[in-house]
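Below sits a lone chain in structure tokens, taken as the form predicted on its own.
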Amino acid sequence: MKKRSFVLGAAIAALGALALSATAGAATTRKADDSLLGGGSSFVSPLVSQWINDYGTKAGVNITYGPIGSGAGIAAVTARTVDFGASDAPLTADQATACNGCVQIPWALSATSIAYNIPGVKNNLKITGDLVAKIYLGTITKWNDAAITALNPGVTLPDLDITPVYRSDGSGTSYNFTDYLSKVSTDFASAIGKTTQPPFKVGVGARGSAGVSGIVAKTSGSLTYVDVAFALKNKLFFFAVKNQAGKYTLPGIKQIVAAASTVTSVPADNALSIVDPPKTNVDAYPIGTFTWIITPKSSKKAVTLKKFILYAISPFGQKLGLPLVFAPLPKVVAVAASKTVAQITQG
């Protein structure tokens, strides 16, 4: 616990330093209300960067975002050291209470890929959630395991040790991944469960999406769970994952949209899960996730915050996510998000 607290504190301190550096040059030309500081999810950071480059320039707002991980982002907005946090996991009851008057607003939609580095094999091998669970539980340890080879006829898989790579920081991607594995594997649900910091007993840990992607890129025999944008950016191979309909699907826009189509209503707290959708969604990729911006209901920068969030969830803001494999929010989710934005008041 002390180690996690130290890492979290270091992440928040680094974000503070980033803010000082980014705003120093703009302080004399812009009012404080024309700047925003945020931090959290590394999953959504490629899209936030696009929003910042476009909206920040057009609106004359200096927006700084640090991809410090969902857990650190939640801690930072709870401590009010940032104007907004971002997380790929909805707030727990304890986190919501600690945040003391925060709202979580879905603002992006994408998927977690299962990336791998196996020498001499093709991209988009087939895998099931149950087999991924067994790998992270340590019961499948070789790439030429009979269960994996049976799914991939005609592919010669090597007698190579599997090195699972996982997020060592508090991560919404870990939440999405363990949420999925807990639904498809009772053994995984009992041993690990659904959490932002899974207690894996096998494998290698790394911070952030960039960290796990970097390890897999250079480690023969490794695999990890990482948002598809980072997998594509790092030219990583990733699996086609079997869904409930028995179809092996990839984390593409069509497949993410199919998974999100299961959402017909949104709860008051905007907490949503779309993992392992029903077999009626034939094309659905089974490890999709929303990601949330978290802000205080009462903020000194309410006007600036609300304009930025409304831009992000607008059709134009959502369109910028398509090249990064972020699908547009379903209409029912976008409507719920805009209603929640209206709850933010000047404080």
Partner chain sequence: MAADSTLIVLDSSQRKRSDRLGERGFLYVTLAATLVAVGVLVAIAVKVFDLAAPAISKFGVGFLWSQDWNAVTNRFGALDFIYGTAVSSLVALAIAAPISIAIALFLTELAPKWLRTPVGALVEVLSGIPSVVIGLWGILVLGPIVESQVEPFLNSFLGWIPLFSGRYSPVGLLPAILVLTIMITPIVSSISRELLSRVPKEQIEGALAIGATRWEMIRGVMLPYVGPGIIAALILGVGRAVGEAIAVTQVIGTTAGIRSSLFGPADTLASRIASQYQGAVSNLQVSSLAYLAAILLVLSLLFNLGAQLIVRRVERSRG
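Numbering follows the first chain given and starts at 1. Keep in mind it's a predicted model, so treat the numbers as computed, not measured.
One more form of this protein exists, namely the form predicted in complex with the partner chain; it is left out here, but the text below deals with it.
query = Looking at the partner-bound form in the model of the complex, is P277 within 4.5 Å of the partner chain by any heavy atom?
reply = Taking the distances in the model of the complex, the answer for P277 is no, it never comes within 4.5 Å of the partner chain.
ask   = Is P106 close to the partner chain in the model of the complex, meaning a heavy atom pair under 4.5 Å apart or at it?
value = Contact check for P106: no, nothing within 4.5 Å of the partner chain in the model of the complex.
query = Looking in the model of the complex, any heavy atom of G172 within 4.5 Å of the partner chain?
reply = G172: no contact with the partner chain in the model of the complex.
key: Contact test in the model of the complex: K122 vs the partner chain, heavy atoms, 4.5 Å   = No, K122 sits far enough from the partner chain in the model of the complex that none of its heavy atoms falls within 4.5 Å.
task = Consider the chain as shown here, without its partner, and state which of P267, P199, G101, G246 has a heavy atom within 4.5 Å of the partner chain in the model of the complex.
result = Only one option qualifies, and that one is P199.
ask   = Quick one: of T128, T163, S261, S273, which gets a non-hydrogen atom within 4.5 angstroms of the partner chain in the model of the complex?
value = Checking each option against the partner chain in the model of the complex, the one that comes within 4.5 Å is T163.
message = Given a 4.5 Å cut-off on heavy atoms, tell me which of 151 to 159, 225 to 233, 238 to 246, 202 to 210 is the interface stretch with the partner chain in the model of the complex.
response = The contacting stretch is 202 to 210.
request  = Output the sequence-ordered list of residues from 249 to 284 with at least one heavy atom within 4.5 Å of the partner chain in the model of the complex.
outcome  = Counting only heavy atoms within 4.5 Å of the partner chain in the model of the complex, no residue of 249 to 284 makes contact.
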